[in-house]
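Shown below, as structure tokens, is a lone chain in the form predicted on its own; questions about how it binds or moves come after it.
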Amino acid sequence: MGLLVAQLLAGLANAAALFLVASGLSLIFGVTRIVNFAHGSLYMLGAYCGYTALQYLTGPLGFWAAALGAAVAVGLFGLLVECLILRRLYKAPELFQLVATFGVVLVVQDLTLMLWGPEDLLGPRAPGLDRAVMLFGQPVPEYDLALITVAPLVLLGLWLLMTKTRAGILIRAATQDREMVGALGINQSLLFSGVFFLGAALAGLGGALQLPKGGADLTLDLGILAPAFVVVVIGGMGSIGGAFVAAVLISVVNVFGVLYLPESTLVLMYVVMALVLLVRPHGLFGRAELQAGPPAAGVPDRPLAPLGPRWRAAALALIGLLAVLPLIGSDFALVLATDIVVLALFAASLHFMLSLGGLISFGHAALFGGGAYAAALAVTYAETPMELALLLAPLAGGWLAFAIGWFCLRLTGVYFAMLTLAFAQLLWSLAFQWTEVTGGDDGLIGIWPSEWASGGTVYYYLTLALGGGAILMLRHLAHSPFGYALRAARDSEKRARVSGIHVQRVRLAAMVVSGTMAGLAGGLFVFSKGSVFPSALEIARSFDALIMVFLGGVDALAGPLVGAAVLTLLQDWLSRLESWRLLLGLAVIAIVLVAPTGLAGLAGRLLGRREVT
């Protein structure tokens, strides 16, 4: 009994910081519709700012003053990010801001490294709360009890703000329908800035308050991000009370999972999220989104047009350059070009379902890594030749896409994206923890091409032929009746149904096509590297694909190809420098601000063509 009570209290204490972060994230998304990938960075900044403030403020009052000071400082930083970067992107396509916030993550990472150094900082104990009390024979830290008290107080403060003040009423109204709020003459810029300040301050407060429990280090940003998103989705987008309930649920489940199911701790919260979304598609306290995917109203997209003579000539010139690259380039250039082709196919597969179908996936790495692991397992345990393994990889990707799509397509928008993330995390944990089969963190190694393709030049041509052919097939499908049916379902589901289109079947077929191509990319990837690790399935891989698509341009079929090439070359060039994350982040932000329709869209505008198809 005593142990159960102690575990329950530990879960409630962990829920406090998670609730603070998630409530800020929920507020920001609910009002601005921005998926703030940099919210974890704000949490990390709160921890570091709190640590610095505690060097000058002492005593119990000093500790709490330092936490509040850190919250205000992070809130001001968030306000700066909103004014300088995100405010310029509110009219950009939904989720396009994700790329900008990814740039902010990189910038904050290097700035934090410069200011506080690479060493982990040990958080000081909270003055006056540095002992433990005995409850049912088990020691419970006093600071945990304080955190359990703080979270409901913050929840009460937010409830009073939302229900008893004009600002709170406007925020709630904007969460439901921000266009209506704008039509009433409300200054949306001021409202968005205020919400961003409040959301960032809550994240900073959460980071500062966790200092006595975990200190400050450079992994806090990505470490808190996934749980915060899970809490927001389970609770319901824009629901503060839902965030509180979900934070408690996830934290308590995790604590007891560590005790009774330690091998499941990596995926437990994703399993809970998947179960909740299958029963409550919009979270425990969420409401259906007013718009799912690209808006049906407004100026419709132009029909996809075939390439004009100028673009055909440019494409032929690029193909010719790639064909003679082994004759004029170095071995390193061949390796880099192989990587670009593989990543371009990976990005193009996501672009197919995202741009044409409006299906935004946060777990596309599941299909890429699934194909890679299928090929690697076949080679390792069945001594399958490369030729057969490269057939198995797309089959595995397509089968995984069918299975994931069958579950996820009952949802739309961010809920669909988060459920795909949950399935990707399930596969990642399977690869990470099933050591006997997958090798766990050590991965599977020695996955090399057949002897005839073992040379760098031959494998480059093989990758170019298969990858280029697959990309051309995706392009052909985009111009086919199937592609137009997919766009019709994206633009107006009701009209598509009236036209005789079976929307769910078309979307599921698109996911299978996308998964097949992603699986092929994974198969080519594993033979080019000779190994595969769980990182092929992790969240960062999925976000790489998203960034390549948005960087190149969502509306242009050439977008993922441009995005893959630019991101790969930027990473290769800047990674040689000491502050490469800072420079890469600034470059990404600059590109987003200069070309909100992506680099391919910018090229199209400069050359007098709206879309590069």
Partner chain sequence: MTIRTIFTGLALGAALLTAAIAAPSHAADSVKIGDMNSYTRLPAFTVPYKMGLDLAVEHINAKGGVLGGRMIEVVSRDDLGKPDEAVKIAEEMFSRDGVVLVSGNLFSHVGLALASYAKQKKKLYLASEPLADALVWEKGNRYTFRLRPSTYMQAAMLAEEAAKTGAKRWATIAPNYAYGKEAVAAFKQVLTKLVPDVEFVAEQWPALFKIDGAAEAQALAAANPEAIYNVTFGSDLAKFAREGSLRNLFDGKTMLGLLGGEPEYLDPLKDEAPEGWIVTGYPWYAIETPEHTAFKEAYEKRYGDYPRNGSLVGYNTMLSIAAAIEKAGSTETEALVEAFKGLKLATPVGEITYRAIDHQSTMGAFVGKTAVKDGKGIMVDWTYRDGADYLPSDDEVRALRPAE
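Residue numbers count along the first chain shown, from 1. Just so we're clear, the structure is a prediction, and the values are computed from it rather than from any experiment.
Unshown form predicted together with its partner chain; subsequent notes refer to it.
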{"item": "One stretch from 525-533, 187-195, 495-503, 152-160 that, in the predicted complex, holds residues within 4.5 Å of its partner chain by heavy atom", "value": "525-533"}
{"item": "Contact at M114, F229 and A465 by its partner chain in the predicted complex, all three, heavy atom at most 4.5 Å", "value": "no"}
{"item": "Proximity of P141 to its partner chain in the predicted complex, heavy atoms at 4.5 Å", "value": "yes"}
{"item": "4.5 angstroms heavy atom contact with its partner chain in the predicted complex for W573", "value": "yes"}
{"item": "Contact flag, R33 vs its partner chain in the predicted complex, heavy atom cut 4.5 Å", "value": "no"}
{"item": "Distance check, V549 to its partner chain in the predicted complex, heavy atom within 4.5 Å", "value": "no"}
{"item": "Sole residue of G413, P212, G75, G357 within 4.5 Å of its partner chain in the predicted complex, by heavy atom", "value": "P212"}
{"item": "Contacting member of L474, V255, L170, V245, with respect to its partner chain in the predicted complex [4.5 Å, heavy atom]", "value": "V255"}
{"item": "Residues within 4.5 Å of its partner chain in the predicted complex, restricted to 118-132 and counted by heavy atom", "value": "P118, E119, D120, L122, G123, P124, R125, D130, R131, A132"}
